[in-house]
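Read the single chain below, which is given as structure tokens and is the form predicted on its own.
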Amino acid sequence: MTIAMWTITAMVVLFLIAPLVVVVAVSFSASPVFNLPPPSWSARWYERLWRLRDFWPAVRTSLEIAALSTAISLVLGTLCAIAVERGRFPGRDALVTFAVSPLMMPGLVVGVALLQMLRQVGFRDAWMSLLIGHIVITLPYVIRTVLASLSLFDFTLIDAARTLGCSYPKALLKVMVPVLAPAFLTSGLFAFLASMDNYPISIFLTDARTKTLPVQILTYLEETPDPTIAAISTGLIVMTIVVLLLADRLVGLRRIAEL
């Protein structure tokens, strides 16, 4: 039974990793088309990547949107989680379900809904529209993670700090924030990655001058399909691995899984 379980687990892991291995292999191929096995190995597509001027504004836009949306979601998500955990009002469960509903709905549906809503109120700035859309998709990660940690947090520590002279905001910063730091880090990392990788919502909110990296990748793939796309994807894979290693170093993957 144990052998069968490990065999099935290994097959599932290989099935999930195989596409990533293919992408990395193609990125080092000397062939101008997606060809496996590669006829020879070369780093030409990484060299070409540095000469693509259209990609770097998209990279900058994605990094700015991801960093800012993650920071805003950490603040709003933490406040929402505290309100839900500490508040005693009808509809608490419905509020949490509504807050995390963007994770349950198809991205295209959320993207179309956001586009229609922003256009109805006359909001047409692409950069701010992207920021609002990415807050919508990153906020659920923060709320779910912080809420799970708050369920284990002893709020009497806040009261004890206040009796010792701390104001309520200062008590939160000195007592609660250090305890919930792993939850903040975990939710922030996953929110940042979700924002960087988002396409279904971003495609509806961009314009010709403001594009995120996933949208620019698809545009390039339609116009010039070559292994440069694989090189970009490899960079994103490496970034994800670095983020996970950082999380493991600071928090531990086992503790992240528990959150």
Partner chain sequence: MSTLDVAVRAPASRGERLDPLALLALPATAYLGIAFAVPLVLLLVTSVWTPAGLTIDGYVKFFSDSYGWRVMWNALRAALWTTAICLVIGYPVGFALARSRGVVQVLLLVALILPLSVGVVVKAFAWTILLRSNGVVNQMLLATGIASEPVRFIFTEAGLVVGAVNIFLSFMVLPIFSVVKLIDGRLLDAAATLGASPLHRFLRVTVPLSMPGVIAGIAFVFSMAISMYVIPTLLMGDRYQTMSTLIARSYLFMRDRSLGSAVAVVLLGIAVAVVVISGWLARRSRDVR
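The term rigid core refers to the most C-alpha atoms you can superpose between the two forms while keeping them within 1.5 Å. These numbers were taken from a predicted model, which means no experiment stands behind them. Positions refer to the first chain, counted from 1.
Missing here is the form predicted together with the partner chain; even so, the following discussion is about that form.
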query: With the partner absent here, would V13, C80 and F204 each sit within 4.5 Å of the partner chain in the predicted complex, counting heavy atoms only?
result: yes
message: in the predicted complex, does L246 come within 4.5 Å of the partner chain, counting heavy atoms only?
response: no
message: Can you tell me whether D197 touches the partner chain? I mean in the predicted complex, with a 4.5 angstroms heavy atom cut-off.
response: yes
field: Interface membership of S233, the partner chain in the predicted complex, 4.5 Å heavy atom rule
entry: yes
field: Partner contact for D93 in the predicted complex: the partner chain, 4.5 angstroms, heavy atom
entry: no
message: Just to be sure I understand the contacts: of P178, G165, G87, P169, which is the one whose heavy atoms reach within 4.5 angstroms of the partner chain in the predicted complex?
response: G87
task: For the stretch 100-114, return the residues whose heavy atoms include at least one within 4.5 Å of the partner chain in the predicted complex, in the order they occur.
output: S101, P102, M104, M105, P106, L108, V109, V110, V112, A113, L114
- request: Take the rigid core as the frame of reference and indicate whether the C-alpha of A171 shifts by 2 Å or more between the shown form and the other one.
  value: yes
